[in-house]
Structure formats: structure tokens, C-alpha cells
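Next up: just one chain, as C-alpha cells, the form predicted on its own.
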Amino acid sequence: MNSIFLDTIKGKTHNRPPVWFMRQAGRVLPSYLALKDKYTFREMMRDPNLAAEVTLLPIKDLGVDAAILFSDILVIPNAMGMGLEFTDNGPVFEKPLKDVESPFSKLNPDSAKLNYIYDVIDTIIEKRPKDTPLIGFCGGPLTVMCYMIQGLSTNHSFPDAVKFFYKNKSETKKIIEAVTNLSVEYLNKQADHKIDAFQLFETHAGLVPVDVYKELFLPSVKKMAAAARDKNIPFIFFPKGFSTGLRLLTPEYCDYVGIDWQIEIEEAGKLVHSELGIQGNLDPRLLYADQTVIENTLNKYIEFGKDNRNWIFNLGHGFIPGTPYENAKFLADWVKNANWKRD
């Protein structure tokens, strides 16, 4: 495949960094919002043709260098026997684990519940434009467990989940192992269906201290990275809010590390292991500004991009609802057309 995204991951230099965006398949695209008026999220996610269409919309509408599977991180707890409904206000669990006795015993993993996603991947592979890589993904163990324990929460500090980690460490470890084992199987099956890279979204890594994440959750990341390596699939780890924990990450944990907007990209580069690539970290809220302000900020990335050829341009988190489409398109075009001073 002739792909600037895959070339960069493999160490081949181009005259610019590749660009794709988290949450690029929805929220900002008029074409997606039109589909959303006709279909529910669940219908779009479960229908192979609809999911493939949504996955590939950003390739046409934004001109990004990679597609990412249109799905949700909560498919794993759903496959573990937790009743889950996708409503207009977001996903809702029938009964969060905080409300049941002996939570681990209530889990009943059934990997067959994920089979429809592999049909989606097959359809994307069949329909994608030539040389368009597909990124598969799942949620990180901490993030997935926050939702499993707390349920849908407008309070993204997940106080009940964090309390559970501290009060029930042995039960927490058993649930982590179960989540990890199913996530590894999920990664392997996505690889078997020909994804080109895999990203682990640890959206809430910053909820616990670095030493707690290291003890409880980082072993799961290592296990998933090893599975990706066995499948010869590049592995991107995005631990939002991990801060100085970035210094813990070595090649056994990932190939690329996603950087959030809470740390300057240059400082992150100093913390991250020299053999790891970097992805990120533009503040998605910048896209509410006018294009002159956006461009002034983007120009500050030129020197970093000139000196760091193992860098994928991305946001420091996903697109935010209400982000103007024209600014998202401006951003993608700017990255592709800027002079990155690479000789």
C-alpha cells in the first residue's frame, strides 16, 4: 500500500507528516449529520454498508490520510454481558457494576457479539479507495472499566469507579484481566480481517496517579501491544492526561504514543522514549477560532515537524460537537500543503 501514514510508522520520511483526526467520522461532517437524521447510531454502527460509508466519509470530505473504524469503545463491555443501549443521549448500561454484588461474577464474555464488527471491516476493506489504510481500535482498560462500573456519567471524573479501584483492588484486577483478554481477542480478529494499524484509546488515563496506572493498567497495555506485534500491526497508545507517565512508555508498550493537548508537543517529545513515534496534539477547541488564529497556532508546529519525522499530525482529543466543518477542512488542507522544511 502506498500510504504516507504507514510509511511514516515504518520510518520512511515524506515531505510532510501524515494527518488524521480522532472522531473524524462524525460530529463535524455535514454528510454524517445527514445520515444521523435518517439512522440511529446503533443502526449505523451495526449495518456493514452504513458503517463502511461513515468510516470512509472523512477520506472524501476532509482528505485525511487514514480511516478509522466507525464503532464504539463500549462494544467490549456489551460483549461481556452488560446490557447496553445506545440512546440519543449516549450509551446507557442496564445496571452498572457499582450497583451489583460480586461484579466479576456477573460478567459473561461472549466474543460472538463482536462478529458484526468484522463484517463491517470486511466491507470497509472492499469499498475503501486505493491506498487508504484502516485503523482499528478499542478502549483502554481503565476507560472501559470506568463506564462499566459507573455507567453513563456526565461527570467524567467517574468518582464511583475510582473509589471502586481503591476499595476493591483484587476484584478490580480480575475485571481488568477479563477486559484485557477479550480486548486482545478483539484486536487479533481485527488484524485477521486486515486492519492496517490499531489504536488503544485510554481517554481517562489521567483519572488516577501515574503509579496506580502503572501497577493496575499498564500491564494490560503491554499485553495488547505484544498481541499487535505478533500480528505485525502498528500499535498506537493514546493515554489522555498521562502527563509525566509518558516517560514510562517504551517500545514494549507501543510503537506510537498519542499526546493530548494538555502538554506541549516539544515537552512530550522530551519525555517519550527515543524509539517511539508521536501522534498529536492540537487542542480541538482551537477549531472554534477563526482561520487566521488557527493558522498562527499551526505555524508553531513547523519546527517540530521539520525535526521529527516520526510524527503523525492529529488532535489532542477528538473533534468536539459544533466544530465548524470548514475549519476542520482548513486544518487538513493546511497540514498537507504547508512547507515543513524537510529537505
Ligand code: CP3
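In this text, residue numbers run from 1 along the sequence as written. Just so you know, these numbers come straight off a predicted model, no measurement behind them.
One more form of this protein exists, namely the form predicted together with this ligand; it is left out here, but the text below deals with it.
Colleague: May I ask whether F198, L282 and A328 each come within 4.5 Å of this ligand in the predicted complex, counting any non-hydrogen atom?
Modeller: Spot residues vs this ligand: no contact at all.
Colleague: State yes or no: in the predicted complex, is some non-hydrogen atom of F86 no more than 4.5 angstroms from a non-hydrogen atom of this ligand?
Modeller: Although this ligand is absent here, F86 would touch it in the predicted complex, with heavy atoms inside 4.5 Å.
Colleague: Is G245 near this ligand? Define near as a heavy atom within 4.5 Å, in the predicted complex.
Modeller: Although this ligand is absent here, G245 would stay clear of it in the predicted complex, with no heavy atoms inside 4.5 Å.
Colleague: Find out whether any non-hydrogen atom of P91 is located within 4.5 angstroms of this ligand in the predicted complex, and reply yes or no.
Modeller: Yes, P91 sits close enough to this ligand in the predicted complex that at least one of its heavy atoms falls within 4.5 Å.
Colleague: Is F41 near this ligand? Define near as a heavy atom within 4.5 Å, in the predicted complex.
Modeller: Within the cut-off, so yes.
Colleague: Which single stretch, out of 290-298, 63-71, 303-311, 273-281, brings residue heavy atoms within 4.5 Å of this ligand in the predicted complex?
Modeller: One stretch meets the cut-off, namely 63-71.
Colleague: Which one of F137, F235, F165, Y213 is close to this ligand in the predicted complex, taking close to mean a heavy atom within 4.5 Å?
Modeller: Among F137, F235, F165, Y213, a heavy atom within 4.5 Å of this ligand in the predicted complex occurs only for F137.
Colleague: Consider the chain as shown here, without its partner, and state which of T203, Q150, S183, S220 has a heavy atom within 4.5 Å of this ligand in the predicted complex.
Modeller: Exactly one listed residue reaches within 4.5 Å, namely T203.
Colleague: Taking this ligand in the predicted complex, which residues of 1-27 have any heavy atom within 4.5 Å of it?
Modeller: Going through 1-27 in order - heavy atoms within 4.5 Å of this ligand in the predicted complex - the hits are R23, Q24, A25, G26, R27.
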